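Quick setup: one chain, the form predicted on its own, written in structure tokens, and binding and motion questions come after.
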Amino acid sequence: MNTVRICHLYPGELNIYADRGNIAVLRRRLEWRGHRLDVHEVGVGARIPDDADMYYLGGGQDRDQIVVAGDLATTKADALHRAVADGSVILAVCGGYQLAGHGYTGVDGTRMPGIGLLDADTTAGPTRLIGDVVITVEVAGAPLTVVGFENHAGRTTLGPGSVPFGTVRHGHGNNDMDGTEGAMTNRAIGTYLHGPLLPKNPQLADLLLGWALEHATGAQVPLAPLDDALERQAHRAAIARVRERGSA
């Protein structure tokens, strides 16, 4: 049995989109294969372990993100940068994605600082970008279709230090202009896709778990196939919903 250590950042403040569902998926997919998930929840004011195999940031309302942004920069940024350099996995969703970048500028010009794990910067737009999303992700040499839901006012642009997480087939993505969605630097991923993300994307969940197990053990750990019939059904239903609207 191997143990994957996950640091869940701000589970109280950043859980607006049922983000705990992503943690539940990771736990079950490990347990079904005889492994174990150890979740360390860390809130405002607490320092984080710098030896976790995965770090998770969810999405939150603006008032919660403001509180979290300052704490993230002062008490957790250095440890997260060390973790990325050491090969840890980071998944940052929606508001967490914005905070993992350089920051967020509101419509009134106020600036919410990020921590620069991802070379991405966000500015509020005049409207919200809302709806189902289908993207193509090319990680580890194989294209992967990922589905989700987005609801964000931010327009995010990437710098040279990050690559897009995926290419938009349907939806708005980072900014509704350049066809990109999310950002990646090493094994740090930021994305606007929630709902939560992983229940409908089991292949993505296993990709993250494979990386985390490699970090935990120092070697690649084969993941036995699972019966993903229900997950694949949910995935297909999301794509079918998009096709019914004539876009994917």
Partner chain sequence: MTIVPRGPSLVLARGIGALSRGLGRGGGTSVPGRVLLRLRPQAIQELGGGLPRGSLVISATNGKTTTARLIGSCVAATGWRTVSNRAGANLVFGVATALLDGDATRPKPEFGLFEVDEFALPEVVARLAPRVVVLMNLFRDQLDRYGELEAIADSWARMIARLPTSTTLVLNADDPAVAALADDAHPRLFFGIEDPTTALDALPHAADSIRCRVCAHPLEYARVTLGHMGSWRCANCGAARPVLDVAARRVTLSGTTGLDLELSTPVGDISAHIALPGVHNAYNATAATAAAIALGIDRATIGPALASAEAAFGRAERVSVAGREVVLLLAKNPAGANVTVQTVLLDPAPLHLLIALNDRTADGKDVSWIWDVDYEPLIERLGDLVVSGDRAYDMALRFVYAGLDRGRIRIEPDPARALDAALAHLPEDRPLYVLPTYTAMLGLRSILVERGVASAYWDHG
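Positions refer to the first chain, counted from 1. No experiment lies behind these values; they were computed from the predicted model shown.
The discussion below concerns the form predicted in complex with the partner chain, not included here.
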{"item": "Segment assignment from 63-71, 48-56, 175-183, 214-222: heavy atom within 4.5 Å of the partner chain in the predicted bound form", "value": "63-71"}
{"item": "4.5 Å heavy atom contact, R187 and the partner chain in the predicted bound form", "value": "no"}
{"item": "The partner chain contact in the predicted bound form: R36, any heavy atom under 4.5 Å", "value": "no"}
{"item": "Non-hydrogen atom contact P199 with the partner chain in the predicted bound form at 4.5 angstroms", "value": "yes"}
{"item": "is_contact(R28, the partner chain) in the predicted bound form, heavy atom dist at most 4.5 Å", "value": "yes"}
{"item": "Triplet H40, V42 and H102 all within 4.5 Å of the partner chain in the predicted bound form via a heavy atom", "value": "no"}
{"item": "Heavy atom within 4.5 Å of the partner chain in the predicted bound form - qualifying residues of 1-39", "value": "G12, E13, N15, I16, Y17, A18, R20, G21, A24, V25, R28, R29, W32"}
